Structure formats: structure tokens, C-alpha cells
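Quick heads-up: it's one chain on its own, the form predicted alone, in C-alpha cells.
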């Protein structure tokens, strides 16, 4: 009996030592599930890199160094710390172009998102509150716009008016507004029947005051979630248009342009397309995860399910 007690005590001690790390890992896992740490870190890197691109970039993004063309990333054989992510087929530094590409994406997508948010939210408020003919007209316009092939419209507009950053903003704004209309309208149809809105209407409040002071605060949560999810879609749309040659005009280092520049060298200089493509993937994924987290936190029905 005494002989078996010693191994048993040793086993219990080992289990105790192993269990000390289990609660820590469990707390870390719960923290990562509760808060979007990784998506926020990626998006913070995007913002910091885009804003501080002139300071952080070691080279001019559009300057070709023919002597350094085709340099692989620094962790590969033949790589150098002077070009940490390598160079493209004409010797431009991919790291510098990635930073300046984030700067362009932030500018274009931010303006397009704000424009689409204002237009879509306004139309959604009017359609849901006014009803009748105004609702019918606005929703039929939304249905028609959903049926229009966006890529074809973008290519036609670029052919007619030419490629520019301003045109890219206009195209993305045209893509952004429709998602707000339907969701905001659905929320307003419920909110306008509540007692506090009826009291405001009876007390003589104008339509504009009711929409801005009483109904708009009730749909802010929905607007925030839609905007977060929409930003990732707009970044992807901007990259697709730039890849097709209908987006940001070269030599500006947009991420879609960088992917397009390397498509003829995938067998040899694969990092030219892979690195900006992976950056697009990370940013879009982060915005989607952040949007899902905001939806779970801002929707009281989903909060009750979590409990």
C-alpha cells in the first residue's frame, strides 16, 4: 500500500502542475472570444501604416531600382533587410508600396463609406417613415440598382471618364449605399409605431425632428454594423477593380494594382502578388470579424442568447 501511495501522490502532483496552465489558457481563450483583439490589431496596423507611410517606408514606392529587381523577401535565400518584403519585377520595394497602398485604400474607402452611409441612411429613413409612394419609389430604385452588374457599369464609366482616384471613390460610393436602405427601412418600420414616436408626432414635432431626434438614434447600432461589414467589401471591390485595370491608375501603389503587376510572374516572383493579396485577405477578414462582434454586442437579442 505504501508503495502505491507514492506514485499516486506523484501523479496527483503532476496533474496539479498541469492544471495550473489550464485556467490561464482558458482565460486567454475566453478573452480572445469576448474581445476582437486580433482583428483590431490588424486594422490598427493598417491605419498606422497608412497614416505614417512617408515615415515608415524605407524607399520611394514608385522608384524602380533595376539592379535590385526580383529580390526575394528577407527570410528567403537571396533576400536582404533593405527590402524586407522583396521587390517587384522592376525593382520597386514591395514593403513601401504596401504602406502607400494602405494609405490610398483608407482614403478611397473612407470617403466612399461615408458617402454611401449618408445617402443610404437618409433614403432608408424616408422610405420607412413616409411609406406609401415614397417607400415604393425608393425600394424599386434599390431593386433596380441591385440588378445592375456593377463591374460592367464601372468599366463603362472608366472608359468614358478615365481612371482616377476620384472616379474610384464615386464607383465605391455607388456600390455602398444600397445595403443601408433596406436594413434602416426595416428598423424604421418598427420604431415609428412605438409610443414615444407617436407622442412626438401628436405634440407637433416636424418630420425632420422625429427622424433625427427620435428614430435615427434607434438605428445607429444597425448603421455601425453595416458600415463595418461594408468597409471590407469596399476594399475588396477596390482591389478587384484595380486588378481589372478600372481602379486606381498606376503607378500609384494600390493593392489591387500590385496583385495585377505580379500575375505574369507567379511561377518565379510569386511574392509580388501574394503579399498584397494576403494583406487584402487579412484586412477584409478583420473587418468581417469586427462587424460580427459588433452585431453580437449591439443587438440585445443576441446578448440574451449569449447569457
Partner chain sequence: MRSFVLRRLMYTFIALIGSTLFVFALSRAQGDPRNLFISEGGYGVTKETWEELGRKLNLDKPLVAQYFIWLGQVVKGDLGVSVEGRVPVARMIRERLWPTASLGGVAWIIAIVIGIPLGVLSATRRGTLADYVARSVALIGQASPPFWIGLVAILVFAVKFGWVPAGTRGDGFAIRNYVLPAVVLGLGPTAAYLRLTRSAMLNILDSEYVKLARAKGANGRVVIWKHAFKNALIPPLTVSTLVLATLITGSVVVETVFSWPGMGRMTVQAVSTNDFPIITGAVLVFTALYLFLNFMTDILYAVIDPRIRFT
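Residue numbers count along the first chain shown, from 1. Bear in mind that the values here come from a model prediction, so they are computed numbers and not experimental data.
What comes next is about the form predicted in complex with its partner chain, which does not appear here.
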Its partner chain is absent from this chain, but in the model of the complex, do 236, 274 and 285 each have a non-hydrogen atom within 4.5 Å of it? yes
- [ ] Report yes if any heavy atom of residue 152 sits within 4.5 Å of a heavy atom of its partner chain in the model of the complex; otherwise report no.
- [x] yes
Checklist entry - Taking 4.5 angstroms as the cut-off for heavy atoms, does residue 296 touch its partner chain in the model of the complex? => result no
ask   = Counting only non-hydrogen atoms and a 4.5 angstroms cut-off, does residue 267 reach its partner chain in the model of the complex?
value = yes
query = Is residue 147 close enough to its partner chain in the model of the complex to count, meaning some heavy atom within 4.5 Å?
reply = yes
Counting only non-hydrogen atoms, the one stretch of 53 to 61, 243 to 251, 34 to 42, 66 to 74 within 4.5 angstroms of its partner chain in the model of the complex is 243 to 251
Checked 205, 130, 186, 156 for heavy atoms within 4.5 Å of its partner chain in the model of the complex; positive is 156
Residues in 247 to 263 that come within 4.5 Å of its partner chain in the model of the complex by at least one heavy atom, in order, are 256, 259, 263
